[in-house]
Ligand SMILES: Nc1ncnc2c1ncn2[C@@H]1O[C@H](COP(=O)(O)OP(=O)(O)OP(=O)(O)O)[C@@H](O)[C@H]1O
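In structure tokens, one chain follows: the form predicted alone.
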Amino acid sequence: MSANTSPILTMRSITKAFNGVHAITAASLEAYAGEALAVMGANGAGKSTLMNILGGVIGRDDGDIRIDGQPIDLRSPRDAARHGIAFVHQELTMFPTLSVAENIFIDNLPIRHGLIDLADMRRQSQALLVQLGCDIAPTALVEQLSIGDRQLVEIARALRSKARIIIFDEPTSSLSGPERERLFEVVRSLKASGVVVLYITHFLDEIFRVCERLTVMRNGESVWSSAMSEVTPAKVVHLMLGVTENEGRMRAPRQMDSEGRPPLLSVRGMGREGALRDVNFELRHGEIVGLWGLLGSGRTELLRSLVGLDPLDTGALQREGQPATPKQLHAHVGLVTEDRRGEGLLLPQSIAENIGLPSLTGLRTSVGLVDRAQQNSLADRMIERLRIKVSSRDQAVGTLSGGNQQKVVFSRWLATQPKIFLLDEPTRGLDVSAKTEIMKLIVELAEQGCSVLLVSSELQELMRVCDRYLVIRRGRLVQELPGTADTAELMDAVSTLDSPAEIAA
């Protein structure tokens, strides 16, 4: 409980649904003047939706929002601004070709004699920047600034509007070590002036450094609120993930034998600035390796970099003992992305067209056109093999259920017969039955000799199938655990706080 007797902000029983699907079912929080409240939760927990409601970006369906005990209605970002609420987004909303001063005052330019008062705008901007402890020139173009400096400009805009409540959404995700420290000092100064800070992050060490209180969301509900002194990092992870006892393994952890065959994949010294650091690991025939870490730890970045979707600065790859570039590796890998609708499928196209997409080279006729008979035959085989529930192969894939869409994603790669599968949250958004089918398919792939690198935020899923675990934090593989590791060991591995030296490295 805060030393302040009354909260500045109260949100009670907030609900929000999109197309009939609830993103928030029962979200509540309280925030006090001069404090930072950490809003934590796994991906899909509802925290971003809740903050977008508070920022006026989207409207709530039900629930109560009060400032100083008075109910308010937020229908737009302008409404939020009028109530003293500012939102510093993860993707900064700035105009790069305009000056710092123009960005700070973009929604409320000072006018004198019918013209923009540039001198007054620059003078006020300079005062705000000094307040934040930075020496950025008000006349500098935003496109010339670092990400950290751009963020300070965004915060200056919030101060200009005299915001009493400032939402920070993943504020350090693109910052260097020194820039993070400077941001923490800004947060402390904001608290000292009585501002309410709502702080969303996936980095546990940060909330213990800058926040006084914590609210945890899971599955659209607020499940915990307390002072930071009442929780440990391990407890926060437990609350976020809602981990329970293992439901039972689908197969026993596999012991790596010394069959003399080279690894299917060997990675040495892989790095990309701001995302990955000195990543080293191997994948062997027939094993399922869990890439275990919290959201924002670098899991997706690692998978994307392996196949060239994101560039690498350093690193050497080998496939079955032979050097390979990410582009060359991509031709031998089945990649299931975390966003099947945005990146994995062409929703208006037919099931047959989606399944045949990676196999087009082998489906061409002598004149270079797609052989529809071969494409349809391939689709029929995959529909039967994976038991995809469809009305016909010509059905638009966007009309399928989530589980059947995910089967289509898998089937397109199965058709190319890769030996390596990189799976990023393959069961996200699926019902229990569909999840079980996908996990059984993953086990089948391993038993056929394929190697699987599996990312999942659901620890129980990993524990049902994995032969070993690679633990990732802040873009580094920090630990390897055997498939027999228990819940406590796995939770401890991701809840260990990085030292300031490790963060800055």
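Just count from 1 along the sequence shown to find any residue number. Every value quoted in this text rests on a predicted model; they were computed, and no experiment measured them. Here the rigid core means the biggest group of C-alpha atoms that line up within 1.5 Å when the two forms are laid on top of each other.
Heads up, the form predicted together with the ligand isn't pictured, but that's what we're talking about next.
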In this chain shown alone, the residue from 296, 403, 315, 263 with a heavy atom within 4.5 Å of the ligand in the predicted bound form is 403
Contacting member of 43, 460, 479, 28, with respect to the ligand in the predicted bound form [4.5 Å, heavy atom]: 43
Find out whether any non-hydrogen atom of residue 78 is located within 4.5 angstroms of the ligand in the predicted bound form, and reply yes or no. no
Taking heavy atoms only, is residue 202 within 4.5 angstroms of the ligand in the predicted bound form? yes
Applying a 4.5 Å heavy atom distance criterion, does residue 395 contact the ligand in the predicted bound form? yes
Mark residue 170 yes when one of its heavy atoms lies within 4.5 Å of a heavy atom of the ligand in the predicted bound form, and no otherwise. yes
Pick the stretch from 231 to 239, 387 to 395, 416 to 424, 105 to 113 whose residues have a heavy atom within 4.5 Å of the ligand in the predicted bound form. 387 to 395
Using a 4.5 Å cut-off on heavy atoms, which residues of 6 to 40 contact the ligand in the predicted bound form? 18, 23
State yes or no: after fitting on the rigid core, is the Cα displacement of residue 351 between this form and the one not shown at least 2 Å? yes
Align on the rigid core first; then say whether the Cα of residue 173 has moved by at least 2 Å between this form and the one not shown. no
Cα displacement of residue 402 between this form and the one not shown reaching 2 Å, rigid core superposed: yes
